[in-house]
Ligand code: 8ID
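One chain is shown next in structure tokens, namely the form predicted on its own.
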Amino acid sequence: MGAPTDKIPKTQKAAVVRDKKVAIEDVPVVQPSDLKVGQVLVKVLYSGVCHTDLHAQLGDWPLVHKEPLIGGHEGAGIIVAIGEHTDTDLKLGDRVGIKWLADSCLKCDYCRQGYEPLCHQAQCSGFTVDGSFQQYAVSFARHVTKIPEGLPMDKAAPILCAGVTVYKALKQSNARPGEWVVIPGAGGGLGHLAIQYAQYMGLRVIAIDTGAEKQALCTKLGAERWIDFRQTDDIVKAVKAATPDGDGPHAAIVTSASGAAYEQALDYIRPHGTVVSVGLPPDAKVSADVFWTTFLEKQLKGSYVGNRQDAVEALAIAASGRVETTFRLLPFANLPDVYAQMHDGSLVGRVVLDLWA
């Protein structure tokens, strides 16, 4: 099982985070003979870039990551080696994805119910273990996801986190076909995929973001209403007015990394509506009026990342052609510039890095 499909080099290019700075460096490659039981070595061809990667670099989450750290958790590649004695149906040459959830025990109460991201033993790619911003990445056989044939590897990469995350959040919203969902941050990497998965699920979309470029993207992808938050004095009033009965949307998928977006969502969501928390603004707090939240039966749900089945479903939908990522394909060396655009909010859609360009 451990025999590689091609000659494995001794060194590789990797993006290494130290002291809140990232640099492309030459680092050692884990050799097939050094893989542990349950591990696989993936030749990473492409990796998407996620806001979580930026948070890991900046260290602005209330969580501790390993350091030095190789980030990345949207890696699409090919299995080139499998640890000896690993029990798996994976084969050398299989196309697989490395996701945020790198591993979990699969035995605890959370894992048994499909809440694998909540496992106390969970490992996270590009955070607690090195991720996909390297040409050869070690991952775990039971959590890498096979990429469907016919779905190009570069297009698959963003689905592995952004796609899975918003698909799972929409499921969590319990919104039904024909109902309205509002997506703050609709023109971003998460939001533009959320529009498409919402469309696939038969939902009607109100997009919130700013700028003509993002408006054009959201409209093209099927959003029926557009609200520019920089040109709108009263977001709550505008969102309610965007729904036919004026009561507001049935669900909100907050992909924006703005604390204000959460406060607004709890105000404009209709009675018995659900606000799903996805974006993670640092140090943000949510304040809700207990009386009206109870009286109007409003709900706030946290939605972390999807489980293994969510990943399979999200990739299958993308492979069917119903969801397509808007992204720019850039050389690996451009990662620091991508982080800068993410930080100032100017990034449109998603970026995928070619690890070998």
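Each residue number is its position in the shown sequence, starting from 1. For clarity, every value in this text was computed on a predicted model and none was experimentally measured.
Another form, the form predicted together with the ligand, is not on view; read the next lines as being about it.
Q: So, Val22 and the ligand: in the model of the complex, are they within 4.5 Å at any heavy atom pair?
A: Residue-level check for Val22: no, no contact with the ligand.
Q: Is there a heavy atom of Tyr200 lying 4.5 Å or less from a heavy atom of the ligand in the model of the complex?
A: No, Tyr200 sits far enough from the ligand in the model of the complex that none of its heavy atoms falls within 4.5 Å.
Q: Test of understanding: in the model of the complex, would Ser303 fall inside 4.5 Å of the ligand by heavy atoms?
A: Taking the distances in the model of the complex, the answer for Ser303 is yes, it comes within 4.5 Å of the ligand.
Q: Would Thr325 count as touching the ligand in the model of the complex under a 4.5 Å heavy atom rule?
A: It does not: once the ligand is placed as it appears in the model of the complex, Thr325 has no heavy atom within 4.5 Å of it.
Q: Within 4.5 Å of the ligand in the model of the complex: all of Cys124, Gly131 and Ala137, by heavy atom?
A: Spot residues vs the ligand: no contact at all.
Q: Considering Ile206, Leu217, Ala257, Leu101, which brings a non-hydrogen atom within 4.5 Å of the ligand in the model of the complex?
A: Of the candidates Ile206, Leu217, Ala257, Leu101, Ala257 is the one lying within 4.5 Å of the ligand in the model of the complex.
Q: Under a 4.5 angstroms heavy atom criterion, identify the one residue in Leu315, Leu35, Ile70, Cys50 near the ligand in the model of the complex.
A: Looking at the other structure, the residue within range turns out to be Cys50.
Q: Can you tell me which of 161 to 169, 104 to 112, 143 to 151, 240 to 248 lies within 4.5 Å of the ligand in the model of the complex, counting heavy atoms only?
A: That would be 161 to 169.
Q: Heavy atom within 4.5 Å of the ligand in the model of the complex: which residues of 268 to 288 qualify?
A: Counting only heavy atoms within 4.5 Å of the ligand in the model of the complex, the contacting residues of 268 to 288 are Val278, Gly279, Leu280, Pro281.
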